[in-house]
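Shown next as structure tokens: one chain only, the form predicted on its own.
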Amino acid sequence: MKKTIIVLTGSFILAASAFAQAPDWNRTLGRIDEMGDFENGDFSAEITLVSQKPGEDDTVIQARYFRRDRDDKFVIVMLKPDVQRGQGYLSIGDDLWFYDPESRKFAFSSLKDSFQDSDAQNSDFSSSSLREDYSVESYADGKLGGADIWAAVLVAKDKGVAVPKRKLWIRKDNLLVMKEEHYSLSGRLMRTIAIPKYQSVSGKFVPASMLIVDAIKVGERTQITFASPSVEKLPDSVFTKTYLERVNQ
């Protein structure tokens, strides 16, 4: 059970007008899932995370990111900083492993954990399943950045979901998610995610950047940028532990 806001598509822009008045939320969430699903191909990109914490120098992480949605898999290979080069993540379904090339060992991790001590979560890099994992508790019409939106509150159907409760700001004209708030099971705001700009990739819309603000640790934030996005088919070997063991040899 996963979530992500990493990829959305513009292929259903005309269909979005059907929801202009009273949305069929089961259908709408399904559309958003479909628009972010590379079911018929692979996806890869170079990602850069810049994390800011009060009183500390900015932390810059660069990595290569691979996704295969039809098999519910993703792989992340660390490129920088040099001390972390070669570290990697392999996710298959709800299982996630972290590889340390220094010890040459894999450690079982969780999709709910922070990614490299940033404000991103490991689950942010997996495919979307909003319709499967959430029900819409309430919604309101509104505006954000001049765009007409729905502000929808979603609650998880199962406790295993990485984010128990979330609020989405969804554009009415194209169903792009412009902003999210993530809440704990008790209803406490944990973080806010803004997606100010998207880039088009083979009929999809991928964020050019995302800003994640920690609502608990004041002053902490992480910006993620996505460069060189590709839908070129990847070798099956990429989505294996063996690949992480050999990638930097």
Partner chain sequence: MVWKIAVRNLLQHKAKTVIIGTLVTIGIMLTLVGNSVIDSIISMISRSFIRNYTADILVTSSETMGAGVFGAQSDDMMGPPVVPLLKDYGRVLPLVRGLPGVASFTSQLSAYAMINLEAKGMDYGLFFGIDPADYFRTMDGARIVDGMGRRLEPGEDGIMLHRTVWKRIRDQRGVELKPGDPVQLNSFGNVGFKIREVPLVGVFEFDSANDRMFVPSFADVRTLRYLGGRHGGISEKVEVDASATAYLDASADAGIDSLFGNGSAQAAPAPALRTAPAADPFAILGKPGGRTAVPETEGSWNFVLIRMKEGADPGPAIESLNAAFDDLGLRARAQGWQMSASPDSFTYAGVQLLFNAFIVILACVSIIIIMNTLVASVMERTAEIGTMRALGAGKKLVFGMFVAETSVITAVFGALGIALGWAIVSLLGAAGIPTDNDALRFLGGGGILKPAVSTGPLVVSFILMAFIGLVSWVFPVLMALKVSPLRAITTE
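Quick caveat: nothing in here was measured; it's all calculated off a predicted structure. Residue numbers count along the first chain shown, from 1.
Quick note: we don't show the form predicted together with its partner chain, though the next part is all about it.
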property	result
Non-hydrogen atom contact K157 with its partner chain in the predicted bound form at 4.5 angstroms	no
Contact test in the predicted bound form: I193 vs its partner chain, heavy atoms, 4.5 Å	yes
Contact test in the predicted bound form: P229 vs its partner chain, heavy atoms, 4.5 Å	yes
L185 within 4.5 Å of its partner chain in the predicted bound form, heavy atoms	no
In the predicted bound form, the residue from K165, K73, R171, R131 that sits within 4.5 Å of its partner chain by heavy atoms	R171
Residues in 217-231 with any heavy atom within 4.5 Å of its partner chain in the predicted bound form	K217, E220, R221, T222, Q223, T225, S228, P229, S230, V231
